[in-house]
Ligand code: ATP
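A single chain, nothing else alongside it, follows as structure tokens in the form predicted alone.
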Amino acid sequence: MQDSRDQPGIDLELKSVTKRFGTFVAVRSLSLSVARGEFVCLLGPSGCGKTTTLRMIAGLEDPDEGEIRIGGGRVNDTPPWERDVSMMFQDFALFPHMTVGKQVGFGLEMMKHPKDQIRRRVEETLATFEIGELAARKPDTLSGGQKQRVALARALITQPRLLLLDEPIGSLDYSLREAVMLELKDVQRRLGISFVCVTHDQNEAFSLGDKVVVMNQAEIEQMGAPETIVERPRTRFVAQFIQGNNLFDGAVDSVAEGGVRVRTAVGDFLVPLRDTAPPPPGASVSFSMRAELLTERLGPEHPNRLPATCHAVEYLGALRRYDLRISNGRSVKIERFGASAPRLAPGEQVTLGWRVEDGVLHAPAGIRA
């Protein structure tokens, strides 16, 4: 592959990429770009195609259709070791017989760098990741967090254009995850290398990603900034998949300026129109509401109202999540932050309300991304 590091802007492009395993379509006509220095997270349920996508970028799987371009150059027929990418696996894939120092310098050895240059680069990289004192140790003596640093240092010492990460913190203890996520993001920003990360953990994707790509059934369902995915889910699947959304299904009763009235099994509600074309009266639609935007303290600004009964309370430290049941037996969630937030008790009956502008109308079925 030709060296195209001088090409500005885009480090990775996938153009209508499709991958089949027999009659099974693992990835269908997927198009995606990664800007230089961008952290992109592929998020979705098991079997949605995100790991297959990562493996095609790495050169471990060949696409059946479409084009993969890295740094402006087509790499469909380029072997993995010539793609200017490194990959970090979930289990870190450290060599059990090698010391940390040898692990980190392994890539440079394979590239036939001079020994004195390898020694210097290894020392610099160990210092960057604050693991210099581990240089003589072997993997079986390291903690999960230390192994993660070693694997990251080994992947980045060759200064690849792209670092591909497959569930990078999935094997770490919960107590380590927050610290490791912050460190991973800090390293990426300091080095300016583009990261593409596969995860099924929403907190991980939203904490790390500059762009989040939500995949479903081999296709991209929606992509954008984390805030956009959370606050403006474009489709019913995204609203249902992303935690903290309350989902309602119904039919359009009428269309008014700037919004629609949706008739559901539990009442009629006003929902705003943003970038969605007005659906015709009678059309089946869905909309969602964030749990933190529902309130039991009603005012004239809350025309949408819904009687509910508190069923259970989850205490999550700074957050309390209330599970309420509505007239058709379905669950509705509300969330309250802070110790001084109003509290509900199981069995308590309330009327919930929300502002018209806080609802999100989803695109019709079949319209994605």
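Being a predicted model, the structure only gives us computed values, none of them experimental. Residue numbers here begin at 1 and follow the sequence given.
Form predicted together with the named molecule: not shown, discussed below.
- Taking a 4.5 Å heavy atom cutoff to the named molecule in the model of the complex, the contact residue among G37, G66, P303, G47 is G47.
- Among heavy atoms of A26, some come within 4.5 Å of the named molecule in the model of the complex.
- Contact with the named molecule in the model of the complex, defined as any heavy atom within 4.5 Å, is confined among 307 to 315, 51 to 59, 28 to 36, 323 to 331 to 51 to 59.
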